[in-house]
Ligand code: AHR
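Here we start with a single chain on its own, the form predicted on its own, put down as structure tokens.
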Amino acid sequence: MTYTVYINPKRILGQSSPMLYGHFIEHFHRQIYDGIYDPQNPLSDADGFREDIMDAMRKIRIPILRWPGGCFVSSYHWKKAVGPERTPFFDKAWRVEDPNTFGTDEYIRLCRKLSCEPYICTNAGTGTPEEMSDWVEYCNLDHEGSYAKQRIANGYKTPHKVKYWSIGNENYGSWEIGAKSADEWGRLVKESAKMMKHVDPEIELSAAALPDIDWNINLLKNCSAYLDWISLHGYWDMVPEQNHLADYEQCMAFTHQIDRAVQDVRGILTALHLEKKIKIAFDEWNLRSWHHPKVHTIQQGIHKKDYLDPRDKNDDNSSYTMADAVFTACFLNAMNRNCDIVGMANFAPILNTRGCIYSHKNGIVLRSSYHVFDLYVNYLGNTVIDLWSENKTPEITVKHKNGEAIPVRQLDILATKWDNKPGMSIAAVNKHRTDSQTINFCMETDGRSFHAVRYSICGKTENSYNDIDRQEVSIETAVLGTCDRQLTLELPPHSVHVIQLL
């Protein structure tokens, strides 16, 4: 049965920020060292950064890169990782030695090479408001004070001018070093924000939150005058202790109410009349959590084979299938639909672990989720427009990982246009594991004809993946020809598409 969708480009729902396609990198496993920063590798440039990885990052035009954590940041002291003398330290979050050779200046240099905004997450675990504000001094002051002078002495006369800062990571969680109660958090964020904005009033501040009424009320009651953002995190397939990954249909169950956390926090902001002042930064998200057993538990692993070696399972490329691509597209669609309140999102991480890019000593692999970012960044519009149907959206019933049967919409469709050129661009996802779906798009075009091109991601099976010697998932292009008011397409199962009408 054909499903009909009506699109009216004159009905604008909102302007989408390019920062919805942001990314994140942390000092965990091979993200930094033996990852993007690998001075001994012949593929690296003079500053030690892997050229092939940076080229892949540039292709998806990373708008903003969050760093250094993550849980790592809650025992990280930035002052020990600037200047010529670097002392290794034991990272108590991940229980490894960090050489401190990649610090603030190296991170800023990376962001400049990528032409992206830096977004620094500060230590609100073992750190202090003074330490956080000193970091702003180092990065943003012209020459005043000892920390700006230290930056100049380190070879950076021009301030780094970091605009985006986050106070803390997941400080509400028992797993976080320096976890806080709701009352403690409100006071700490207020004093930290106060000092940071005294250093540079032009910075934009976020603080760790979650879709919880008590936590957010305490935070906003104390700190709303200082905050520009409220930070949310989300991982749906939680596998920190046991690496039992959800199968395709279980992953589709996770797409049910994928934006529930956004809606909950939107309600709180609206109730407090803050929805026009504070936006949501979904600054850590991915389908699957990182696997790191016996670290965030009371009973710690004793031997490295119990707590360190299992992290290599994150780099099994066969884990990253069409399920990851479809989920990623559904999440990005949801954030675009909420673009009036969500202004930033950061895929976690960009590289290795659960990243959309995998690196090895001789090159890289682009996982399925990478191609979704390629589609959305390079082919989708930046203005969200209205669409509707007179028919009920087809549904599929899938089994959640907890065993519950969940009805899920089979299709996820987003309509956009550009603010600087004519035309439309439609993102369309078919979640069904085995069945195609025909869609008839009916568009208000004012009598104009369009040239239609479809860009598609569709593996041969739902378990298709890419690896060093395997290329099963990529973007395929199909020229559809000229259309005016109607376009009928068949979407294969487990597929993601962007249709451009120019």
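In this text, residue numbers run from 1 along the sequence as written. Model, not experiment: these values are computed from the prediction.
Absent from the display: the form predicted in complex with this ligand. The rest refers to it.
For the three marked residues, Tyr37, Lys80 and Gly103, no heavy atom of any sits within 4.5 Å of this ligand in the predicted complex. Of the candidate stretches 425-433, 147-155, 192-200, 169-177, only 169-177 has residues with heavy atoms within 4.5 Å of this ligand in the predicted complex. This chain appears without its partner; in the predicted complex, the one residue of Tyr226, Phe89, Trp418, Tyr235 with a heavy atom within 4.5 Å of this ligand is Tyr235.
For the candidate set Trp94, Phe254, Trp185, Tyr379, a heavy atom within 4.5 Å of this ligand in the predicted complex is found for exactly one residue, namely Trp94. Proximity of Trp290 to this ligand in the predicted complex falls within the 4.5 Å heavy atom cutoff. With a 4.5 Å cutoff on heavy atoms, Asp324 does not count as touching this ligand in the predicted complex; it lies far away. Contact check for Cys71: a heavy atom falls within 4.5 Å of this ligand in the predicted complex. Of all the residues from 251-288, the single one having a non-hydrogen atom no more than 4.5 Å from this ligand in the predicted complex is Glu284.
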